[in-house]
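Only one chain is included here, represented as structure tokens and corresponding to the form predicted on its own.
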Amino acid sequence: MDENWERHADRLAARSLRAGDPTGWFEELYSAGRAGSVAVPWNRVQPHPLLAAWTRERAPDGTGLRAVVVGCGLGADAEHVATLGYDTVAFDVSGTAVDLARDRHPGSTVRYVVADLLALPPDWLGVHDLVVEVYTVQALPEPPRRRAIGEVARLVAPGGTLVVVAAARGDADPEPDGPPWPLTRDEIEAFATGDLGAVAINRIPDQDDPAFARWFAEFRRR
């Protein structure tokens, strides 16, 4: 292993973006991680703490309901959602990420699928009672980031809930040159479209670095 995966990601993303391909670098990065040339990226074994805290507080019962995890990576968030009783599908644009998630969770009830947020299967739209998006949209430039926000929202069923976790950026802060692109307040509010309304949008400072903050947002469709 000869390189930090985040530096490798920056280089791959820059090359992919120059080629007009905003998502192709994910597969290259996960493939490098599987090959051992970099550490496996986004290698979490536990659900994101903000997602876990929300489920402890709300104690949702997913029995008989459907959930989808956007940009699932290695599956930590998807496995957590499945423990709540949801019939869970989790997707990633990287086939290698999906393979690694399946290998990491043998016998899982989660259906891990290769899919592109920018070209969602039509039968996924408007049918999920819980949609979880953690750090996926912020990995896309603008465009197509704003379009991706709308695509996430389209997954939510009537009466369903969308939970979003993202790094936060002030409206006056300069946009970074490369990923991630922390979301502004305007971008986090953009998930609320049509009859999908915001329940709560919280900006949470990092305990160890107050200069860094995350959004935790909950939306519900009428």
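Numbers follow the displayed sequence, beginning with 1. Note that the structure is predicted; figures quoted are calculated from it, not measured.
Only in words, not in the display: the form predicted in complex with a small molecule, which the text now covers.
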- Query: Three residues, V93, L117 and L140; all within 4.5 Å of the small molecule in the predicted complex via heavy atoms?
  - Reply: yes
- Message: If contact means a heavy atom within 4.5 Å, which one of 191-199, 32-40, 168-176, 64-72 is the stretch that engages the small molecule in the predicted complex?
- Response: 64-72
- Item | in the predicted complex, R44 touching the small molecule (heavy atom, 4.5 Å) | yes
- Task: Check whether V131 has any heavy atom within 4.5 Å of a heavy atom of the small molecule in the predicted complex, and answer yes or no.
- Result: no
- Task: Classify S16 as contacting or not contacting the small molecule in the predicted complex by the rule of any non-hydrogen atom within 4.5 angstroms, answering yes or no.
- Result: no
